[in-house]
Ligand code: 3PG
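Read the single chain below, which is given as structure tokens and is the form predicted alone.
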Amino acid sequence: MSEADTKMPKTILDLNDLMYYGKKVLMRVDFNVSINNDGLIGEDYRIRMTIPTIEYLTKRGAKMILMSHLGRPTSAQDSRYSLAPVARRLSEIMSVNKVRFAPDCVGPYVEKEIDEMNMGDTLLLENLRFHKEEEKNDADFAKKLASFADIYVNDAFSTSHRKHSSIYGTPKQFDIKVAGLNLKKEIEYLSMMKDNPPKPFTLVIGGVKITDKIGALENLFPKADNLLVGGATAYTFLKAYGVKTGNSPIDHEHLSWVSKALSKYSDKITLPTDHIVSSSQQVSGSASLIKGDIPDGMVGFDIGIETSQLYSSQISAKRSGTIFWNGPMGLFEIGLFSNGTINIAKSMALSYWRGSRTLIGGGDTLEAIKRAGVSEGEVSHVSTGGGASLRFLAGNQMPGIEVLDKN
């Protein structure tokens, strides 16, 4: 796998403040958040992370035009994917101006809305994916978006691995294209971890999919001092190690890769020794603590008490160095299977307060720390993009970042 060197592009801080005065700024954000049937936003972390950039620019007289996708709508008539609730939420948490909302992202109505903007105004465009041209990186669609503004800003790290119109085709139309403050912070933290992590360097890997993590692990293994494995990912490692895993999910496609990793880095990898198992993931079901092999008919849904204590003590004992956590230790949404994940979250906070750099990637992991009563301020950095952060750490191409340096 070839490694792409993603260097820091120019950011909004590199331009003279007067460059923004009276100018229209088109900013790609990632407001792909969960919205319930009542139009209420679930976790709004991605929304809040864009506010420093928005306020930095509006205070310097810019007219802010925000664009984002939401979900995977099949048609523009599907109101479940409208960004209108996001505009309301952003208005509630912005300290100054309210956010206006355009019911489309291109067309005469949008042009009229933009023409009527005053300095310091913020306008959120409707879901980009209501137009199929967005995901196709359609040149005409990209030009239409670019025609709205004088300056382009990317503050959407979590979508920067995609070659979509708003991420790649649109910035190519601009002479002035820079990174926002959130994108800057993501690149700084992840580059530090990829290239020169302060030692000791601990990886805590959980979740379900191994596929997404392989590239990142191949890059990080040589630099890491130890890897703590949990979640469904652990059962593939245990299977490759010769432990019986019952009916637990196994990624058979990547068993051989896991076997090679175990033989090459056996001194660095720690696997669960006990498990919380059940024959069912029902909330009303029963669970057992099993040490060693998992019996047939049983599924592992969380790391066991012994493993949880071992992992927690290894994490919380750190008073320096770097810890990266991606993926929960079990099916933490159900109380019976939440203990391992909650203990890891609390240990990450303790290690942070003791002086370690702690990084968290992935929406599930962010939800897990909230459930454990750990705030975002009790970790060094929470990445807005789980998949994007793993791709970045793997050294994969990040078109949305690389395009910012192209004239």
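In this text, residue numbers run from 1 along the sequence as written. We call the rigid core the largest set of C-alpha positions that still match within 1.5 Å between the two forms. Computed from a predicted structure; not experimentally measured.
Just so you know, the form predicted together with the named molecule exists too; it's not on screen, but the next bit is about it.
Q: Just give me the single entry in 338, 356, 32, 58 that has a non-hydrogen atom within 4.5 angstroms of the named molecule in the predicted bound form.
A: Looking at 338, 356, 32, 58 one by one, just 32 meets the 4.5 Å heavy-atom criterion.
Q: Could you spot which one of 177, 89, 162, 144 gets a heavy atom to within 4.5 Å of the named molecule in the predicted bound form?
A: That would be 162.
Q: Does each of 46, 72 and 209 have at least one heavy atom within 4.5 Å of the named molecule in the predicted bound form?
A: The answer is yes: all three residues contact the partner (heavy atom, 4.5 Å cut-off).
Q: Using a 4.5 Å heavy atom cut-off, state whether residue 129 contacts the named molecule in the predicted bound form.
A: Yes.
Q: Spell out, yes or no, whether the shortest heavy atom distance between residue 322 and the named molecule in the predicted bound form is within 4.5 Å.
A: No, no contact at 4.5 Å.
Q: So, residue 219 and the named molecule: in the predicted bound form, are they within 4.5 Å at any heavy atom pair?
A: Result no; residue 219 lies far from the named molecule in the predicted bound form.
Q: I'd like to know whether residue 158 contacts the named molecule in the predicted bound form, with contact meaning heavy atoms within 4.5 angstroms.
A: Yes.
Q: Taking 4.5 angstroms as the heavy atom distance cut-off, pick the stretch from 24-32, 37-45, 369-377, 345-353 that is near the named molecule in the predicted bound form.
A: Checking each option against the 4.5 Å cut-off leaves 24-32.
Q: Does residue 44 shift between the shown form and the other one by 2 angstroms or more at the C-alpha, the core having been superposed?
A: It does not, since the residue 44 C-alpha is displaced less than 2 Å between the shown form and the other one after the core fit.
Q: With the core lined up, does the C-alpha of residue 55 move 2 Å or more between the shown form and the other one?
A: No; residue 55 is a residue whose C-alpha shifts by less than 2 Å between the shown form and the other one when the cores are overlaid.
Q: Comparing between the shown form and the other one on the rigid core: C-alpha of residue 170 shifted by 2 Å or more?
A: Shift at residue 170: below 2 Å after core fit.
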